[in-house]
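First comes one chain, alone, set out as structure tokens in the form predicted on its own.
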Amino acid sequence: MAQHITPELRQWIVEQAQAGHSPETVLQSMKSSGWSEDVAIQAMETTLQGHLDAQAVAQGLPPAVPVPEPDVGDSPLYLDGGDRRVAVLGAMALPRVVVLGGLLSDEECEQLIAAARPRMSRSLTVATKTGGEEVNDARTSQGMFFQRGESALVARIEARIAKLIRWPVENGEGIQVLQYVPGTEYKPHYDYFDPAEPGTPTILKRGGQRVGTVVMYLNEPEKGGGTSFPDVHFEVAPKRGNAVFFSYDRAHAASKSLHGGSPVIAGEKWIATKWLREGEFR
């Protein structure tokens, strides 16, 4: 006989959470009352997420939105990238971070650098006060953008990323390639657009908020140059061909998605960054 998740059950789950009972205790109580484990887990996950979202909004946070998400729920060692098998090297829940091994081949890394090198200039950042772009002292790299699908190489990498993170190709911005030399860095920042800034509504017309980021490492500096997440004291090493994916379901510091490109100490660093939007990026 099918079991249905009723409003009364959801209310009971919320009451247990408010009373301080652990998820394990609530799950065991539901199973003892005759609920199947699968239904009980589904009821708890959906109810508590909705409860937490409602609490967050009541406290002034933006509502949570759907985000890209690699299929790592059952802790796989590898993910299917369509044309390439990609390793899962690590994952974190908050911030949502997944470290990917071998997203790009050595040849693809070299080809991206070669295609980008003649087009490099001082990196700009989005100016959320105006909706335009500006030079920012926090970002001291050289960079350029590929148009989405600009070449067979770019299109192949974009399709691979879309399959890995289960997000449409058309929701991605063009890949940006960046070069950092010793002493250059990108100080800690958020990739979403600050809702409080006057230029943000203009930026959001092109596809909504940013909801995820993929940083791909195209070479290996001798020292430094990792991707840091200061809120959780975590840093991803810039290993060629690897990548780090992270998402942020709210345009708010509660996402814990503060991150930065640590200073390059020796050698140089080349990365390719892919930002994902809520909707189609135009």
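Small disclaimer: the values here were computed from a predicted structure and weren't measured. All residue numbers refer to positions in the sequence shown, first residue = 1.
One more form of this protein, predicted together with a small molecule, exists but is not displayed; see below.
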Worksheet item: Just to confirm, R148 within 4.5 Å of the small molecule in the predicted bound form by heavy atoms?
Response: no
Fill in: 4.5 angstroms heavy atom contact with the small molecule in the predicted bound form for T227
yes
Discussion item. Can you tell me if Y186 lies within 4.5 angstroms of the small molecule in the predicted bound form, counting non-hydrogen atoms only?
Written reply: yes
Worksheet item: Can you check whether D191 is within 4.5 Å of the small molecule in the predicted bound form, heavy atom basis?
Response: yes
Response to the item:
Testing 77-85, 165-173, 102-110, 178-186 against the small molecule in the predicted bound form with a 4.5 Å heavy atom criterion leaves exactly one stretch, namely 178-186
